[in-house]
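A lone chain, given as structure tokens: the form predicted on its own.
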């Protein structure tokens, strides 16, 4: 993924960004720069609102220091060389081979998979496998209990010691509003429904699995989103992967953000439509693809596309960035295309009322054709939904594979969602839901500000509860996770192929359930580990999203 270069201020000129001029001497509206620098000094870069935005939109990505990038590539190169050496030693029985291999009696068969496909897993991932799949044995709330495990063969196998590590501060779960708990009104309501309806439905919605609770949930979700109708699904991933093929097919064009989630990618590929990728959150790139689609039409035949569907997310879970929705909607209207918005991470977590990115920007929900989201994060439950026009939802009830063939949602899960949504909307007679939304926003801004002050490179939007802290070097991925666990802080570390190879990171997810004491303790430990591992790379040169160099190259995954 590209990161733009730096730009210097021109002596005597008013700094501008994306067509917006300074708001007065010494300031730059809605940006990070608070004073004009002396001539020939570096300027912190910003992202500006433009005329479409009703609120500040501050989003920054500091470029990777050159030395760090070089050392990261060298680190991966050394690991790869040692991987080849170890594979050679395993082949000649010098080193014991512990990875899965074909049985001797199957040596003459066509290989089930290419051995090289597992090279990264057995030689790089295996070294730090203890950083993932850690088993917890408590409610995944603000604090968790974790089962202790050890490995005596360099992470090939694990042994549980029987000890439980208590009260680990959970900085990695998507429990944005703190509804993942085993006490309170949600738990009581779910327990009551469990005793009345049982745990499973054992049928699809079109057969014997349509409960009154499902109908109540869908009406409530539609009202919450501000749309005509909504439909709930038992799995968030399937909501994307099974519904996109029902909406588009051969002869249609999908324009997808390059950082879209795997469920959106899979759904697009299953649809059979032509797929073209635009640069992340880059409206120039998206508009060029839209223009080309209108002018040139389908390949070879030059017929107009049957449909053009834009796929974006509300919050991007690896970048911590928020979609530039006002601009996307403007382009969608200009070129008469359709918009599919995935609000898995933004619903409940953004907006003054917790209604997601549409609420965050103060937009009309009717401007989004397909509003998708999940119940797995802010609502502490499971499943997904699609909202929109009644005609759209009626169509999906008949043609969506996930609606027709999948077993309907478990009643206690449905009740958990109903209770949490009513709490957010204030229909439970309290202001608890609104207070949680406000608390999450405060925690997010406080945590991000403190990390930047410490000197870490932080990606994303200042209002995004997803906070990526850049680690870069492969050896520091495992080291950071282990050091934080020693200090009773649970974090998620992410590396290639989930991120670009030189952009490994730790990803923090803030929650309304985090108290200031928890955050301060986590920040203290992060500060210490940052000094220990030398992770404070920031030189406070922030780069704007829209000013990234525009590469006109596009990528087509499928064509007629």
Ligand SMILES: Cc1ncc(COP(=O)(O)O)c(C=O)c1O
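Positions refer to the first chain, counted from 1. All values derive from a computational prediction rather than experimental measurement.
Omitted here: the form predicted together with this ligand. The next part is about that form.
With the partner left out here, this ligand still marks one of 397-405, 136-144, 259-267, 108-116 in the predicted bound form; by a 4.5 Å heavy atom cut-off that stretch is 259-267. In the predicted bound form, this ligand sits within 4.5 Å of a heavy atom of residue 342.
Within 4.5 Å of any heavy atom of this ligand in the predicted bound form lies no heavy atom of residue 243. Though the partner is left out of this view, residue 377 does reach within 4.5 Å of this ligand in the predicted bound form, counting heavy atoms only. Of the heavy atoms in residue 235, some are within 4.5 Å of this ligand in the predicted bound form. Taking a 4.5 Å heavy atom cutoff to this ligand in the predicted bound form, the contact residue among 412, 178, 383, 351 is 383.
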